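In the block that follows, a single chain appears as structure tokens, in the form predicted alone.
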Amino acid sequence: MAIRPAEQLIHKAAWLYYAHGLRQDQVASQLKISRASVAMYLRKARETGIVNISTSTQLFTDDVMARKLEDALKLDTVWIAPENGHVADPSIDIAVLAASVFLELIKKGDRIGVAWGRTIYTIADIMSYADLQDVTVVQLCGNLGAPYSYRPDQCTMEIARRLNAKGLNFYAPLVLTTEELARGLRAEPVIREQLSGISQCDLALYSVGTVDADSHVVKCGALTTSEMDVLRRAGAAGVIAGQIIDAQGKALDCSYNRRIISAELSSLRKIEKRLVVVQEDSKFEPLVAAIAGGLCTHLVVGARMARRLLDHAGPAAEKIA
């Protein structure tokens, strides 16, 4: 069973101290906690069996793969939902874990940026209610037409409702018909102010999208299948908050990206905690691109995806095996 979000800091402290050989003051500095807290966490790690120090080789009893991924991919924290053969839809376990993680990451007075899609709406739909009236939830990109499910405004407002927080929607479409229209709309004071404020968020929640016929930007009508095929041949690797990214996690130079109303990738990178949640195995390539582009600091995935990421990391993961 995966370690609960509340126990992550204990596990990370033990991993850095025993597996990496850091001193307690170094662990405290890296985790931004006091040295006294490190000592307490190490004691709890031994008492609860998270680490067994009866031999010279420290044996972590749970979630070692998450720590290896953090080391190999330079991520702050990784949570892995264990494989469960007894549920009809294993991806639900990932969403349940992500909802718990998301709530753990929120602090009083935080400003939270939220994207859209099935994964994000599922998290919003199953997360617990919390009374966080001093929290603001901000929509990261423009909106879609009414028939589409899991719209950006729906995801933003449902999360705000669950948190009893203030919700801020974008009163603009995701995609404009021309680049000129998009430039003009981004220059409007209300839209310009909202876009410029995204970098001031403390936490962002989004998933990644594929660049095929099943992509949410295709299903919502923002792009046709043939247009997406052209973009994929031009180097498209994934979708973040409605934007097409290449394999290095950079915005693809294309007309579509110039016609959308969405947070700049540079603004997303300035957000301290960037939580990416991936349910589907088909999103491996987009996820790798997002990580490469510095668009992810915190990650929630299933065990199968975690193993694929470790295999992909190759030598970096082997050094800490």
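We number the residues from 1 along the sequence you see. Rigid core (definition): largest C-alpha set, two forms, superposition within 1.5 Å. This structure is a prediction, so every number in the text was calculated from the model and none was measured.
The following text describes the form predicted together with the DNA, which does not appear among the structures shown.
*Asks:* Going by a heavy atom distance of 4.5 Å, is Thr297 a contact of the DNA in the predicted bound form?
*Replies:* No, Thr297 stays farther than 4.5 Å from the DNA in the predicted bound form.
*Asks:* Can Lys270 be called a contact residue for the DNA in the predicted bound form at 4.5 Å between heavy atoms?
*Replies:* Lys270: no contact with the DNA in the predicted bound form.
*Asks:* Heavy atoms within 4.5 Å of the DNA in the predicted bound form: does Lys283 have any?
*Replies:* Heavy-atom contact with the DNA at 4.5 Å: absent for Lys283.
*Asks:* Does any part of Ser37 reach within 4.5 Å of the DNA in the predicted bound form? Heavy atoms only, please.
*Replies:* So Ser37 counts as contacting the DNA.
*Asks:* Considering non-hydrogen atoms and a 4.5 Å limit, which listed residue (Leu265, Ile33, Leu252, Val64) is close to the DNA in the predicted bound form?
*Replies:* For this set of options, the contacting one is Ile33.
*Asks:* Have a look at 40-48, 289-297, 66-74, 270-278 and name the one stretch with heavy atoms inside 4.5 Å of the DNA in the predicted bound form.
*Replies:* Looking at the partner contacts, the answer comes out as 40-48.
*Asks:* Scan 262-298 and note down the residues that get a heavy atom within 4.5 Å of the DNA in the predicted bound form; none is a fine answer too.
*Replies:* Going through 262-298 in order - heavy atoms within 4.5 Å of the DNA in the predicted bound form - there are no hits.
*Asks:* Could you check, with the core superposed, whether the Cα atom of Arg23 shifts 2 Å or more between this form and the one not shown?
*Replies:* Yes, because once the rigid core is superposed, the C-alpha of Arg23 moves 2 Å or more between this form and the one not shown.
*Asks:* State yes or no: after fitting on the rigid core, is the Cα displacement of Val301 between this form and the one not shown at least 2 Å?
*Replies:* Moves: no, less than 2 Å.
*Asks:* Closer or farther: the C-alpha atoms of Val276 and Ser37 in the predicted bound form, versus the form shown, with a change of 3 angstroms or more?
*Replies:* Relative to this form, farther apart in the predicted bound form.
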